[in-house]
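For reference, the chain that follows is the form predicted on its own, supplied as structure tokens.
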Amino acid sequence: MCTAATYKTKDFYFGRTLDYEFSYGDEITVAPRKFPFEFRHMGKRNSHYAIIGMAHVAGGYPLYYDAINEKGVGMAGLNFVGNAVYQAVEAGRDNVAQFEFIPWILGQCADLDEVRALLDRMNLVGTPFSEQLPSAQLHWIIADRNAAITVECMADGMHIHENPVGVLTNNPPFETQMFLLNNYQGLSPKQPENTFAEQLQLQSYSRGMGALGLPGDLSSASRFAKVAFTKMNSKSGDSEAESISQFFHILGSVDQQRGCCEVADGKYEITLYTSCCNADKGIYYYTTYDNHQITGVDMYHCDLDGSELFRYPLVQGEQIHWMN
């Protein structure tokens, strides 16, 4: 289970939570412009836009969960179990495996118009990375500073949805998630007026009652509504510190705590990490479940004309600033 969001102040920000019961050994990974990507059906690419994101590196290949490129396009894959159905390889199409989707898009596209053009001639296929790492059932949010889309590959084909809220979680499909927002159209950050009955003298007895009814459980539909409301009513200054702080607060509204979501006997889903990327500046910020201090990696501090991956293991363990 995961939640992704976009946010814009002076700069454009893109990030997500990754909620799961264990980690594969995730690292901040920079693929410079000349790192060779071997695509299963589309040949080898020796040159592309530089990419920074969170990945599990297997056999020297970065399996990205979420990433941005040097042009300011962001992309994240989120679990879509039970609904994701990939396409068959077809001659005359760009056949891209699920695990290659992020580098295929981010390596070539400078904005969403170019993303849409690439998707128009693409098949998203289920070729696995390996026997040990079969194809994950995912859907994706792709965004630049001007707009966002959701890509879902299902039994009836690939669907590309405009995403006006800039938010994605998991099931149900995106169109249903958007429809369910109708249930919350009466919510507001302002205090409510009594429209229940004119004959009754009803009063607001607490602050925040304009949002009474906003869900707070951990289901994906509830997280979608919670983050959409939080993000779209969010106010922040334009500075980098204010912007990234606010972004982490937005995604913090759906943080998963150990013990609240049991997936098996004694196993609990938690928010393994939360990311916030400044897509304009190429900086990847993150926190982890056990480390709330924000850590940053700047892709421009790497040799982006190189051919080797830059890998930064996550800083784990709470960082406490002692005052005495």
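Please read all numbers here as calculations on a predicted model, not as lab measurements. Numbering starts at 1 and runs along the sequence shown.
One more form of this protein, predicted together with another copy of the chain, exists but is not displayed; see below.
In short, of 184-192, 141-149, 112-120, 125-133 it is 184-192 that has heavy atoms within 4.5 Å of another copy of the chain in the predicted complex. Taken together, Lys10, Ala91 and Gln108 are entirely out of contact with another copy of the chain in the predicted complex: none brings a heavy atom within 4.5 Å. In the predicted complex, Ser219 approaches another copy of the chain with a heavy atom inside 4.5 Å. In the predicted complex, at least one heavy atom of Gln246 sits within 4.5 Å of a heavy atom of another copy of the chain.
Contact between Gln293 and another copy of the chain in the predicted complex is found at the 4.5 Å heavy atom cutoff. Residue contact with another copy of the chain in the predicted complex: Pro313 places a heavy atom within 4.5 Å of it. Residues Val263, Asp265, Tyr268, Glu269, Ile283, Tyr285, Tyr286, Tyr289, Asp290, His292, Gln293, Ile294, Thr295, Gly296, Val297, Asp298 are the members of 263-299 with a non-hydrogen atom no more than 4.5 angstroms from another copy of the chain in the predicted complex.
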